[in-house]
Each structure stands twice: as C-alpha cells, then as structure tokens.
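Next comes just one chain, in structure tokens: the form predicted on its own.
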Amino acid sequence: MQSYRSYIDGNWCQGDEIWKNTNPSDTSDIIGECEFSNRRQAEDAVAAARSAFPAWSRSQLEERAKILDRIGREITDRRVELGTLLSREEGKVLSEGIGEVDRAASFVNYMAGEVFRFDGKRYASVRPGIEIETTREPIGVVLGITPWNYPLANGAWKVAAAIGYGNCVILKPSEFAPASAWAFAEIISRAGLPPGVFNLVMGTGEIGDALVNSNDVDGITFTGAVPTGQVILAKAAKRQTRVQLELGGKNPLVILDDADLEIAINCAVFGAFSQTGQRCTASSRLIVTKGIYSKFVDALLKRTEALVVGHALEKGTNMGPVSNEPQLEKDLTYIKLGQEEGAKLLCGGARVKRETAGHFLSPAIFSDAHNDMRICREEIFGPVTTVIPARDYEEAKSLANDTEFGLSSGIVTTSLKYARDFNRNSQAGMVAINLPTSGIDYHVPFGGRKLSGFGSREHAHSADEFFTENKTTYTSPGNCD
C-alpha cells in the first residue's frame, strides 16, 4: 500500500498518525496511507524554507523557468494517470480529473514564462538630477493551504507562483486529498529545486494552525471555508503577515425572459452539478424572471433527472460521489433544512445506492425558494441548487447582489443592454454572460469580493501582487563613477 509522507528540506519524512485515504466511489478501496506530520516537523519545514530563501531569492530566472518547465511537462505526460488518481481520491468524474491535471500543467507552464516578465519601472523625478526605479522582490517564506476539491490545480497555482517569483514555500494540503498533493510533490522533488525551497507538510488543521502561527512565515495563501479563513486572517494580523484568502461563494445565475432556453439549461446544469457541485464558483442560486420561470424549471428538472450518478471512473457517469462523509452529511442537513424552510424539493437530495459503497447523492433542485432562506444564503458546497423567482430584471439583479459573498455571477440573456448593465453592477469578482458561473482560465486574475475573498487576486500577472513586494529606489549620480 502506498504511503504518503511529508517532504521537508529535500527528504521524505515519516509521520506519526496514519490517515487511511479512501475512495468516495468505493469506501472499501483504500488508496493509501497518509502519514501526518507533527508540530516539530512543521517547524522544521519553516526553518528549511527560511534557510533556503536567501540563495533561492537570488537564483537565475532561467533556472526557475527550467524547473517549472520540467514540472509542467511531467504533469502533462502523466495526465491520464494523475487524472485517474484525482477521480479516485476526490470523486470527480474522469474527464473532470484529467481536466484538473491539464489546468495544473497549464498554470505551471504559464509561470515558467511569467518569470521572465518579472520587471520594474523607471520614473522621472520632480527633483532635478534624481533617478527613480521600482522593482519587485520575493516576500520570503510562503505557506499555501489548499482544499480537497482541487488538490492538484490549487496547489499548482500557489506553488508555481511562489517559487517562480523567488519565494520558498510550504504546501499544506487537505487531509481529505493527500494522494494528489503527494504526487505533485513527488514530481517537484525530482525537478531540480534546492532543498528547502519546496516543502510538503501533511496533517490536519492542528498542523495548519502551527504553520499559520509561525513567526517565520511571511505570507499565507489559503483556499477554503470562510470561518477558517477568518481565523487565519485574525492570527496573521497580529504579526502583520501578508494574507491571500479565497473563501467560496453563493453564486447567482440570472435567467431572463429573453434567454435562449437551451443555453440557460446548459449553463445551470453545468454550473450547479459539475464536479458534484463542489466548486466555489458553482451556481447555487438560479434567479429566474417570471416569463420564463415555468419553462425553465420544467426543462431543468428533466435535464437534472437524466444525470447518471455513479462511480467516478465508470463510463457513462455524469456526476460522481460527494468527496467525503462530513461533506455528505452537511449536504443532507441543508436539504432537510430547505424543506423545513418551505422550499419545494423538485428532485434529488437522497443517498443513492450503487454496486459499490460510496457517498452518492442525487442532485437536488429546490424551486419557489426565497433569498432570505438559509439554503439561499449559506454555502452548501454540494449538488444542491435553488430556483428563485423574480418579477423582472431589476429585481433579479437586486437578488443576485443580496448576498454576503461575491465570487462569481452570471446572466443568460439575448439583450446587450441587460448584459452590459449586469456586468457593470454585479458585485462579484467574476461575471459570466451566457456561460456557466463555473469555469475559469488560468492566465487571467481569479478571486472575489465581500466574504469570497481577501487580499490580491490569484493567477496570472495579479499573482505578483501577493508573492512579491515593491521597492522604490531613488538615485542621485553624485560623485559615483
């Protein structure tokens, strides 16, 4: 059986506690055993990163680019193998697993080129004889904490940006998806990085807390739940540690009367139920104007009931299992709550039996929901969506913005007027027009507003705002030769 160990200062380290990593499509299938680190090992990882930083921060750009290129190439070469592991571990269907691998490789490859665009600017001074230039420098030791729903891609975009800009990094993945993080670390371990530049620390929230509280961590980039992110922010603020948070959403998809019904249904079903609804950009609120409401609900119900729920690696499966037992219990709790609140459960919301014992849940649709219901306000993070009626566009827009979250939003309409107005007035970090709210490109900024995010955006050129800091230099030629 495969053992997944932490990687600290260039060595694989035996852990203390053993966590059995099970397949959510078949809980009798043990993928491997994850050896959790202890607090001393967490401290060792921080110390190793701190020790490696001075030399790595001054490393040649071409060296960094070549290392990232090796990592990206191997991820691509092993895309089917790694995608199968992802699907087996996390529960997403195979096409989604391979898609995540491709995204991870694309971001690493992008950063391999981005390191050469790591530059500064020159300015004219208001004072005669003075020259001014700005440069960007790596911040130091970065802690990346990643979720279980995108264990490879999320780790890739944090780690690649960190080391590409000259930082040293500690990756702490979710205990619910250790195998994918370990596979990524194993690839990195052979790419030519000096010891200590990259470290992998396996463990639960206790180990994460030890890393967050370290005085030698200069930046924390976290993707996960709002309560955890708020705790991290509060602790980091005491030491003025730089923080980047991506915390999920309660994303609206507005469907107007003039919408193309087929496009609307495609956007809604993909946005709500792809990857079993376990995406921070999932369409969990479908806000539909009255003229199309009945036709939309009927078509949505028909399309959703046709989805095949089953083993993530079986051909013909449209939606895999919920990733883990705690998340399944949370989904079921919210489904019960929605019924108690008075929303109409049109379909789904029950555990499904298959040939293998897994966390299978039929996709659930609540109609006649209201925006003040908890199922419409709190992130569920499962295959559960709500349909909220609206009188007209203005009310739909108001309902879309009536949320504490602000990650992603969308509208389906044939009206350029409404599309432009919604884009201008949506209180979200990302807006999709006639497209699902889920689905992002790797070369553009990613992130949200309100409770959905804090700090600079992830991805692309925006990454340098978190992973580097600005230095302004004033120079007088004086008597310099």
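In case it trips you up, residue 1 is the first one in the sequence shown, and so on. All of these numbers come straight from a predicted model, not from anything done at the bench.
Quick note: we don't show the form predicted together with 2-aminohexanedioic acid, though the next part is all about it.
Quiz item: At 4.5 angstroms, heavy atoms only, are Thr223, Ser438 and Phe446 all close to 2-aminohexanedioic acid in the model of the complex?
Solution: Yes, each of Thr223, Ser438 and Phe446 comes within 4.5 Å of 2-aminohexanedioic acid in the model of the complex.
Practice problem: Look up in the model of the complex whether Cys280 has a non-hydrogen atom within 4.5 angstroms of 2-aminohexanedioic acid, and give yes or no. | Solution: Yes, Cys280 lies within 4.5 Å of 2-aminohexanedioic acid in the model of the complex.
Self-check item: Residue contact check: Trp157 to 2-aminohexanedioic acid in the model of the complex, 4.5 Å heavy atom
Solution: So Trp157 counts as contacting 2-aminohexanedioic acid.
Quiz item: Would Ser180 sit within 4.5 Å of 2-aminohexanedioic acid in the model of the complex, counting heavy atoms only?
Solution: Answer no; every heavy atom of Ser180 is more than 4.5 Å from 2-aminohexanedioic acid in the model of the complex.
Quiz item: Is Arg103 close enough to touch 2-aminohexanedioic acid in the model of the complex, meaning at least one heavy atom pair within 4.5 Å?
Solution: The answer is yes: Arg103 has a heavy atom within 4.5 Å of 2-aminohexanedioic acid.
Practice problem: With 2-aminohexanedioic acid left out of view, choose which of Tyr165, Tyr150, Phe176, Phe296 has a non-hydrogen atom within 4.5 angstroms of it in the model of the complex. | Solution: It is Tyr150.
Quiz item: Just one stretch in 391-399, 280-288, 167-175, 306-314 has heavy atoms within 4.5 Å of 2-aminohexanedioic acid in the model of the complex, so which one is it?
Solution: Of the options, only 280-288 has residues within 4.5 Å of the partner.
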